[in-house]
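One chain is shown next in structure tokens, namely the form predicted on its own.
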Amino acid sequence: MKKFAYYDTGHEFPEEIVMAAGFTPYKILGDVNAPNDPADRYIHHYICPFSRSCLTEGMAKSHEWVGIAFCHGCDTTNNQYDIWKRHVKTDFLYWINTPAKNDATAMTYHEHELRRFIAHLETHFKVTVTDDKLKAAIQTSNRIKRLMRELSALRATKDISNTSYHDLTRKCVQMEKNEVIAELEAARERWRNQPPFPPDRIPVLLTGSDITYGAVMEILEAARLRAVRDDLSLGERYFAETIDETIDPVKALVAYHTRIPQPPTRIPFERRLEFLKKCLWETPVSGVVYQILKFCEPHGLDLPFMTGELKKTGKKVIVIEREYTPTMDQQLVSRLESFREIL
């Protein structure tokens, strides 16, 4: 099945719509192992390195995708759309202006945007996106979300490495969906038979910038910290909620995006804090790791309020800024090891 690529900085894209159009949704995540030289010709170095990596991937691989869609996320995503129009070769490049709010007006606008996206897909690709096809895609998507919730819950009781969890979250947004279901069902059998949570590991809540490559998880593992809860888009934001299968499918997608754990770009910002506190209440964790990718402005602006409020819960919080690099940062390992000692 042909891949339809999308670029968002949270979990804004309606994968189910392109699934109903007959394509496999593929989230553009860049490649931390590839130099950003191609993108750096058009974007300053002080701009988020992840977004530059995504442009580099787009320039190199757009011929593998039938089309590309953007969603309104952080300012970097929004401002790059014009750059992609000029420098990424594709027959279909589309902008979905997802709203920042979740009130009634925003939901009406969002529904209009999704129906407009469907109309453009139907016209360009000569396909028909029916309600029945959308409902079937939603059922498939919900199957993946429920499996991931089962697997995620095992992190707190079984010996599940950070990298094993991260590998599955990447597959959810880049592989063909029936293949993902098979992978998750196989992982469920393996994980259920894993040894108990190791006594030399400390459970933590992981939040902050999206983690798009495994080296960050390896740093946590080296420091003997296990992320047993998170609010990342390659994580619980993707599967914490399911989509209503009983109502109009487009309205169901709109409602779904108002319920999921929010990134710092959404309003009201207290909603994100509420979810993190819910994680702390539901799952025993010893501390909070708040990591920020260098030049990630939304999380940098959110940081003072969020860390102050999280500390009020009585949990220890560490803030680390990381580079966009696949190498093991021993300085970060040392800092996290010191944090582990005080937990």
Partner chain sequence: MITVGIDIGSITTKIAMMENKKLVYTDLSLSGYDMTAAWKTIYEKMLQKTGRNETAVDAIVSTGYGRANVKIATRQITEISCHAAGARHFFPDVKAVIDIGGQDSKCIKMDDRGDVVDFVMNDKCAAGTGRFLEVMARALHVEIGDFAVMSKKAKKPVTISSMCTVFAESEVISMIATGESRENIIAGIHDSIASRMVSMMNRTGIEKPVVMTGGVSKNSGMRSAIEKRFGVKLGVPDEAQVCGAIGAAILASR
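These numbers were taken from a predicted model, which means no experiment stands behind them. Positions refer to the first chain, counted from 1.
Keep in mind that the form predicted in complex with its partner chain is missing from the display, and what follows is about it.
Just one listed stretch, out of 64 to 72, 275 to 283, 24 to 32, 309 to 317, contacts its partner chain in the predicted bound form at the 4.5 Å heavy atom level, and that stretch is 309 to 317. Using a 4.5 angstroms threshold between heavy atoms, residue 331 counts as touching its partner chain in the predicted bound form. Site residues 46, 321 and 342 are all in contact with its partner chain in the predicted bound form, judged by any heavy atom within 4.5 Å. Interface residues of 265 to 298, taken as those with a heavy atom within 4.5 Å of its partner chain in the predicted bound form (partner not displayed), are limited to 294.
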